[in-house]
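Here you get one chain, nothing else, as structure tokens; it is the form predicted alone.
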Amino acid sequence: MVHNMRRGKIKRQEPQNKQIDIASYNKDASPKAYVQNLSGMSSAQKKTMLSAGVDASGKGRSGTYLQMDHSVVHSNSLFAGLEVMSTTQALKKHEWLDNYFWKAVNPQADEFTAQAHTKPNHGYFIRALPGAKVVFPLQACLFITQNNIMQTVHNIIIVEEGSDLQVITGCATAEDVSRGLHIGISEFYVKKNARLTFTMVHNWAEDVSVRPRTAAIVEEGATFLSNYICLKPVKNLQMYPKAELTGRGAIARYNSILFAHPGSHLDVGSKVILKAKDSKAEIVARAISAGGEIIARGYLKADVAPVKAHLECRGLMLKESGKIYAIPELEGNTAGVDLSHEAAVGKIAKEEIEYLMARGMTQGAAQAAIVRGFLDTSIMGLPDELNKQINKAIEACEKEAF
């Protein structure tokens, strides 16, 4: 284990954005009609949504938000203590929402946040009312159906004091879309003794560039769990979500599963700032390269004590042409903090394959079994239906890799 503890100001390794020509994408999109019943969507659309964890039947869900390109196509809540609508509508309905809008994310942080600030195209607003225990997950889908458009959304989730909410958000492109740019601003506010489990599944096309910009504020006794899964090809993805633990006993956990196909560039990380005593954080990443490039980042910063946080990154190389960079960083600014990290990148051990082959497996089946175990999603606590879809995607990755 290598420690990188520093005090005072440090020069951090910030993500470097791959050059993207925003002007080359269409800023306008054809309007889409509102859909009262999602079961009437085409089978291809429903299949694509399901691969990103969004079930058009709404079974086992507390509500649904669906946006296609720049149009809000469907929005409903099936739980009395849950609000679901577009951020555009929410800003008109709730005057107090200005106190949250662009407060966790800086609108001038980079050219992508500036673009979303200048010309947003809706996005979802989700709010669990105080004390609400939302039994089933809410699902949201941001869908690109028009080729070569730029989709800019601004999402806000507020989990009020004492409430409990699960959100599954799937981002996807239609089968006939080859190129596009998605910019997603997301601001999460987890109030005192509340709990938010947020799972994001990306299912993009091979020539789509993606720029999520996410920040969470976690108050006293609150818990924020973030799961991120990217198994399908994507041209260029860069995201570095941040959680600030501002209240005593606050908790944040980030889990990421990344699979880089040939030609894909994934620059993905998570960072947690521990600002309150007794706060805890954990960042865990599993990264596999089957020919693509992955930069797996993690950053933990502790400003007070006592706090405890751990960062872990495991990388697995399946092809010589791939690359994985693990960049863990710890910053402790006072005595008494407990920060740790471990990172490892390697190949499938020959001994492991031989062990499984000795028990009757073929070489390909042995390699696939190891990959499946490496990408285990059981720690994420996902609904059974979503786990089934993810396992299917993992099996597809295995077939492509071997």
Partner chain sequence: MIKIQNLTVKIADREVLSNINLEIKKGQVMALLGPNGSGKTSLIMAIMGFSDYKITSGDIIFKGKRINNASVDERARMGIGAMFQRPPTIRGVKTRQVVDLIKQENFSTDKAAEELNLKEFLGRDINSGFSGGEIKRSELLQLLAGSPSLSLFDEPESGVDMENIVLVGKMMNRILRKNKDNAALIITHTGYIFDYVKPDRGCILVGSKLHCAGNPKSILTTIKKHGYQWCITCEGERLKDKSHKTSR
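Nothing here was measured: the structure is a model prediction, and the numbers come from that model. Numbering follows the first chain given and starts at 1.
Keep in mind the form predicted together with its partner chain is missing from the figure; the text below concerns it.
Contact with its partner chain in the predicted bound form, defined as any heavy atom within 4.5 Å, is confined among 329-337, 61-69, 358-366, 35-43 to 358-366.
None of the heavy atoms of Gln19 is located within 4.5 Å of its partner chain in the predicted bound form. Of the heavy atoms in Gly373, some are within 4.5 Å of its partner chain in the predicted bound form. Its partner chain in the predicted bound form comes within 4.5 Å of no heavy atom belonging to His74.
Within this chain, Glu354 lines the site of its partner chain in the predicted bound form, having a heavy atom no more than 4.5 Å away.
Shown without its partner, this chain lists Arg314, His261, Lys323, His117 as candidates; in the predicted bound form, only Arg314 has a non-hydrogen atom within 4.5 angstroms of its partner chain.
Residues of 115-150 placing a heavy atom within 4.5 Å of its partner chain in the predicted bound form: none.
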